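What follows is a single chain, given as structure tokens, in the form predicted on its own.
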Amino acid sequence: MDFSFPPEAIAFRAEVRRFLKDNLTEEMIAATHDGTIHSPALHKAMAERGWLSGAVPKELGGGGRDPLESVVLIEELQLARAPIDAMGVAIVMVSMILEHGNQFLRDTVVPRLLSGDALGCFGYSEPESGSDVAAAKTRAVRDGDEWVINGSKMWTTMAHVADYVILLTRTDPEVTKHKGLTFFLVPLDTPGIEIQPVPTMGTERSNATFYDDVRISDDWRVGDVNGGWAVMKTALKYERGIAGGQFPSPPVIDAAVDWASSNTRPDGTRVIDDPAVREKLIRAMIDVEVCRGFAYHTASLASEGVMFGVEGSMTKLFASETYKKHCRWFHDMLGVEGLLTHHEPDAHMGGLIEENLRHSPVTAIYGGTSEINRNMIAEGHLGLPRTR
């Protein structure tokens, strides 16, 4: 097996590192404590370098950057703890529009998203259906050349700073749930939309969004009427492709090594000299390398023109589950000191481990829950029968 990267990807990694050195500041990272994992200046700088358009497939009209370079970009951004929630949303939303949208959306919305002048968010989940997005009840009823939308969405992260929401609605309640869905791209300044904050355990702000007689023209429809499930599958394809570039958090491991190296037991020995502690640290480092293997393999398939199937799910599942595990290990290792949050002056490395512990559970939900990804792997890779 050849684990080396082509020269272009190696050069691109160096370019990304230089960019982060010049553009990512500690203030940008610290600003995420307000719950919004986004930096307008950083996002705009990445857009100006073509990194948003470069991640969009060439066959859709995007830059078509080699997938190996794309996975390098995501890896370096994560290693640097860069706030990049808006980047992934923009790439997925643009890809959905280019694959299913009309010329109006291609001409008016895509350039704004790719330039960083506008931001998007996903309006899939609802309060009573959660991950079962096909059970959406938010109604869109046609009225001449317009649609009238009523309903609510939950976990609409980024809605409070976004310009558009890509909204899954029910347009035919008389057919089976997968067949009566339609997508719309809705400007969030449209009358009748209310956004309410939803704080989370991991400090990340999400939102509940409400739609009360929201009127939009048919120009804002994405895909066919009642053809929303095909658009939804496209969205998941691109979202899992990006999620396939996720890694367990090496910064958390670095913080744990630093703490264990600088703290001693009552007998005067360093914590890191404890074999049980060393085993946990080493196992975490091995997990990161295993996950890199998954991610690099998925990117390699894509760069060869192979449409990967469950590989993205395998990478995402392994990354999120090991990330949760590592955070629990290291939080336990810190003992009572692990309870100090980022605003406490004595918190180790700004409470990095404690904050990641609170954030880690959500990574097993977005981009496809671990349960859904396990089912996909069981059926698509292991050949097990469907159980639902």
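Just so it is clear, the structure is predicted and the values come from calculations on it, not from any experiment. One-based numbering along the sequence shown.
This next part talks about the form predicted together with a small molecule, which is not shown.
Residue contact with the small molecule in the predicted bound form: residue 130 places a heavy atom within 4.5 Å of it. Taking the partner from the other structure, the small molecule in the predicted bound form has a heavy atom within 4.5 Å of a heavy atom of residue 123. For residue 218, no non-hydrogen atom is located within 4.5 Å of the small molecule in the predicted bound form, even though that partner is not displayed.
Heavy atoms of residue 369 reach within 4.5 Å of the small molecule in the predicted bound form, making it an interface residue. A single residue from the set 362, 340, 45, 31 has any heavy atom within 4.5 angstroms of the small molecule in the predicted bound form; that residue is 362. For the options 138, 95, 182, 206, the one in contact with the small molecule in the predicted bound form, meaning a heavy atom within 4.5 Å, is 206.
Segments offered: 196-204, 289-297, 141-149, 69-77. Contacting the small molecule in the predicted bound form at heavy atom distances within 4.5 Å is 196-204.
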